[in-house]
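Next up is one chain by itself, shown in structure tokens, the form predicted on its own.
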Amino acid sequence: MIADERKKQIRQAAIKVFLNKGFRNTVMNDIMEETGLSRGGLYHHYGSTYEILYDLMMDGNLYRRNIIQKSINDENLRLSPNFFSRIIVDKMLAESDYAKIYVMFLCELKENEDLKNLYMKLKKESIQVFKELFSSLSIDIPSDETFEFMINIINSGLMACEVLGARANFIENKKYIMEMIDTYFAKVLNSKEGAK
């Protein structure tokens, strides 16, 4: 098996173990058992669970980017602030293994400097994705602070869904969450218009 395929196999096994045991309770031996690899075989590709989590976060970022692009292409959607509100709410309410692992990642940020640095990198990439999507609209691109606020809203929603069990309540009130985000975007975009 080539290195990229082996690393993907290790990450898939790690997802299972992380979801079963939690990130904090997982050690490399657990992943070694799940993959059936020898200690040397596993450590040849990854030196720690943090390294695996790092790559999973990179995979997840690409996965989310592809979902957004697929939505645009499949539905032949016209990009609008309302579309972005839908993207944000859909990301908040996402129920996937990547979302669960991402929440574990968020919970570990305080404990690991490498993960904090990865978070900053992921946030910059997410802001860039939002900017690229907004650039297709015939409006001014909101500030990085606006997009950072949206990322914080998404992360808060994900944490509420996974940690507090609020997903059903949020789904029930999805239209109100979208209205709040629409209102925010309208105010931000109107304030940019007024500043001209």
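If you're wondering where the values come from, they're calculated on a predicted model, not measured in any experiment. A residue's number is simply how far along the shown sequence it sits, counting from 1.
Just so you know, the form predicted together with a further copy of the same chain exists too; it's not on screen, but the next bit is about it.
Just checking whether S135 would be counted as a contact of a further copy of the same chain in the model of the complex - the rule being heavy atoms within 4.5 angstroms. No.
Is L115 close enough to a further copy of the same chain in the model of the complex to count, meaning some heavy atom within 4.5 Å? Close contact is absent here: in the model of the complex, L115 is far from a further copy of the same chain, nothing within 4.5 Å, heavy atoms only.
I'd like to know whether A160 contacts a further copy of the same chain in the model of the complex, with contact meaning heavy atoms within 4.5 angstroms. The answer is yes: A160 has a heavy atom within 4.5 Å of a further copy of the same chain.
Taking heavy atoms only, is R24 within 4.5 angstroms of a further copy of the same chain in the model of the complex? Close contact exists here: in the model of the complex, R24 approaches a further copy of the same chain to within 4.5 Å, heavy atoms only.
Taking a further copy of the same chain in the model of the complex, would A166, N169 and Y184 all count as contacting it (heavy atom within 4.5 Å)? Result yes, every residue of the spot touches a further copy of the same chain.
Considering a further copy of the same chain in the model of the complex, find the one stretch among 26 to 34, 39 to 47, 143 to 151, 54 to 62 with heavy atoms no farther than 4.5 Å from it. Selected stretch: 143 to 151.
Going by heavy atoms, what in 101 to 133 lies within 4.5 angstroms of a further copy of the same chain in the model of the complex? The stretch touches the partner through L106, C107, E108, L109, K110, E111, Y119.
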